[in-house]
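The chain that follows stands alone, in the form predicted alone, written as structure tokens.
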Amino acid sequence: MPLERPADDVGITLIEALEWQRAYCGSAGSPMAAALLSALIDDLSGPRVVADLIADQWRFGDLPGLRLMSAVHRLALERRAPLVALHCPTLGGSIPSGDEALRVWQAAVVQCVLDHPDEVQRGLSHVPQTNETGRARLLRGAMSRLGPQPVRLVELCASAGLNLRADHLPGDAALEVGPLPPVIERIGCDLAPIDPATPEGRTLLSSYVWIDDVERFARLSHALDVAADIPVNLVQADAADFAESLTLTPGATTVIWHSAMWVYLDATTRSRILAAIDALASKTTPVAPLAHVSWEWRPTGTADGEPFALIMRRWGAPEADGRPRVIARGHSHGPGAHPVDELLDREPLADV
């Protein structure tokens, strides 16, 4: 059965949020990430030594579990939590062997939170900016369906803009149906753009990788190297404001892309983004077409472990009528997604 998921705007307790995140990490094959969350859940259910440091009530879509995982991972990356780092696979550490070793490590996680309350609060106040680079293969799959006309690649909530370099990142032959068009412009927006050229930016991006996902860590490292050679234009802006400012360019396909960010937006911002895309679509021509590509959670009708759907809408090009088409499904991080072909009656993001 698919993992039960509350609606984004539902209010839940911290324990409920962490339990959901633990189950999701477990289903995604990250036992150490799940164990980190278990350490905090066990404390909140018993001694409650960290209870005063973390708010108890949350909007589900704010995903406090991801924020806490990132805060602890960042402290380990900065060697400010050496006992946690000792067993972080992303730092070359070994997974604890045996129940007792695991309990010692989980106690170190709780102590890390207690020792660094300001850092934990800072992490809790930030919207996660994972922008997993494995999702570039989904964007490449969509772009391979656009034909040879050059592309203006636009990303909403782009974080550091790493996936704006999708054509320079690894793809997936199972998802691509043709050659990628040339990218002539790369622009993204974020409320707090991250500079991947700085140590601070690289550490922050690294912290959002789950502590035992070594493959994701390696993908990020490669993407950071690519970012050093391929420039992008990152704008500090609200996603809805940015979407409403977009225009079309004759001779190029404008591709508006976003991934795993819808959960963080309120209903008003979501409605404004979709309305802005529809308004832009009304101005398309055969020489100035538009595509909207998203990789977002779509639990309805999906199998367990693949709740995300790659959906593309197109306007202006031949036979492009704006109807959403699902072209792949899979797990949040992208690798392992498989192609599908499902035409929908309406944009499912309008219902989320």
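The first residue of the sequence shown is number 1, and the count goes up from there. What you are looking at is a predicted structure, and each value in this text was computed from that prediction instead of being measured.
Absent from the display: the form predicted in complex with a small molecule. The rest refers to it.
Can you work out which of 238, 119, 244, 176 has a heavy atom no more than 4.5 Å from the small molecule in the predicted bound form? After the contact test, the surviving option is 238.
Sort through 107, 279, 191, 197 and report the residue having a heavy atom within 4.5 Å of the small molecule in the predicted bound form. The option sitting close enough to the partner is 191.
All of 70, 90 and 214 with a heavy atom within 4.5 Å of the small molecule in the predicted bound form: Checked in the predicted bound form: no contact with the small molecule for any of the three.
Any non-hydrogen atom of residue 260 within 4.5 angstroms of the small molecule in the predicted bound form: Because a heavy atom of residue 260 falls inside 4.5 Å of the small molecule in the predicted bound form, the answer is yes.
Any chance residue 265 has a heavy atom within 4.5 Å of the small molecule in the predicted bound form? Residue 265: contacts the small molecule in the predicted bound form.
Using heavy atoms and a 4.5 Å limit, would one call residue 128 a contact residue for the small molecule in the predicted bound form? So residue 128 counts as contacting the small molecule.
In the predicted bound form, residue 135 touching the small molecule (heavy atom, 4.5 Å): Residue-level check for residue 135: yes, a contact with the small molecule.
Select, from the options 109 to 117, 168 to 176, 155 to 163, 247 to 255, the stretch whose residues sit within 4.5 angstroms of the small molecule in the predicted bound form by heavy atom distance. After filtering at 4.5 Å, what remains is 155 to 163.
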